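Two forms of a single protein chain come next, each set out by itself as structure tokens; they are called structure 1 and structure 2.
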Structure 1
């Protein structure tokens, strides 16, 4: 694409303002901007007025494997999981491409130090948890780490500096997720530099397609990996590839296992696992009708009672059928850095526009079967989204201390 073509593409979209500084740019910068115009998918911008496509189907309950069953079958589940891990059939996928804007640090979220008397980094907690399984099974688990172009270099440099917190470097593979353009509330693209349109990571569902684009599915085939435990960077208590969860999912012979926690209250603000038109799905808390909130299962317990915690074990052979264009696009209000009319970079303190994301939870609905697997909230769910308050550094520290982790 040349400049004239790029200009007419953007004019047709009403976005020619992105070339405001074009004449002042160096040849390299000019070429970079034209290339970005060529490679970016701007079709997302048309979604602002329509919002997220929320034509939902008919919901029905999906029973979870509860703690009582897990404890009764512990040895059987554990043995099946250990066997699969020892055979190299499971990998771990750390989703670390997010911007962590709510936490408010410029560094990748995993670099955040949550220690009190000594440094304890979020990445360190995650890797230590995975190392527990490595030690228990005497098997190194392949660890994929998804970053984005915004945080990749810092993430890699930090983990190298820290010697991967004891993980074997040759077992770690990084890749970058794709980006989406970001715009103001009227749909006008922001610029993050004179030669660059503002972009942000395109959501955590991008992990599979970005991994394939990076050619890393080859590793899955070569190493005989059949299951991938996909998890968020910010839950510092979660167990990753833990044998009972792996064993339960394999023995249930489902497309995906999903760790879930029992809801604290019927109206708790968590996405609840269920069926939608007979396929596994997640219903958002604001989509739960009163009837669904009050529905009971055959034991008299709430029928929509298990919230997802972003820890899923996907069966690799079913992932090829999951495609991005079948997943809803979420239009989210976020704080987007931009250059103002004087070309000065502004980092807003309040949301100033839209980002476009596809979410990993929407992948579930493209699969045919799912096992919701109950974990104990106080032992496995300490997400860090904010500096203080709910789901924060403060609340996670309390939970870590309760679980005997020194901070």
Structure 2
């Protein structure tokens, strides 16, 4: 796309103001702005008044496969999973677009060093966990890594410098998450600089549409991949493509498997797997009524007792159903930095516009069936969101040490 084409595209959208300072830019800056116009999905702007209906449906419990059943069927589940992995039917998808800002780092979050006596990086722990399955099954698993505009180059350079921590480079594919534009309450695009439209990642459900836009769905077809284990970068204990989870999901013949942990308390701040209007869904902790928190199942246990940990095994052939306009678009009011009419950067103290996101909970709800699969919290759930306290570097270090990881 050249400048004239970019200008024509934005004029048709009534957003020609983004080129206000074009003539003052360097050639490099001009090229970057034109490229951003080419790569950004502006169709979300037409959906400002057609965002997700925030009125939820009727919730009901969804039974999980509990540890007792998993342990009783361990060989059956494990063998089914190993078979699928050996046949190349399973891939891994690492969502790694975030930065380590909350941890006090300007680098990609996966580059954060959690070691005490030696360097131990978040990326290193994730890849080591996947390598456990590679070694167990004697099969290399295709690993997709989704980055973002802000951290792509650093992520790729870091992993290459570290020789992918022992993973085969030819089995790794990088791609960038699609970015959604940010606008004011009237739909006018914000500029975060003279040469840059304000954008943000398109939500944690954007991994598949971003993958398709990058043309990587061809790999799924060519390699006969039927299942993708999708997981976030911040949980350093999670098991990825582990055979029992893969086997359980396949044998249950469901659209998606979801790893879950028993809630530490009825009011724990985690999303809960459930049914919504008869379809699998996730209800956020702040949406749980007292009645739901106190509801019991037929065994006398809490009915809404399993929190999701953002580790899902999706059946590839059903993913096409969640890439079209049926997926709700969450139009979220946010504080968006922007340059004013004098090109001075303004950092608002109150929400001043909209960002656009698609969320995994809606992705799950678009599918027909789901298997919640219980894992042991202390063995598979060590998220790093803060430097100290709950879900922190400190708490993750303690859990890693409990599991025999040297730091």
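Since we're looking at a predicted model, the values are computed, not measured. Take the two forms, superpose them, and find the largest set of C-alpha atoms that agree within 1.5 Å; that set is the rigid core. Residue numbers count along the first chain shown, from 1.
Remark: the form predicted in complex with uridine 5'-triphosphate is the source of structure 1; structure 2 originates elsewhere.
Annotation: Cα of residue 261 displaced by less than 2 Å between structure 1 and structure 2, core superposition. In the core-superposed comparison between structure 1 and structure 2, the C-alpha atom of residue 35 has shifted by at least 2 angstroms.
With the core held fixed between structure 1 and structure 2, residue 6 has its Cα displaced by at least 2 Å. Look at residue 187: with the core superposed, its C-alpha moves 8.8 Å between structure 1 and structure 2.
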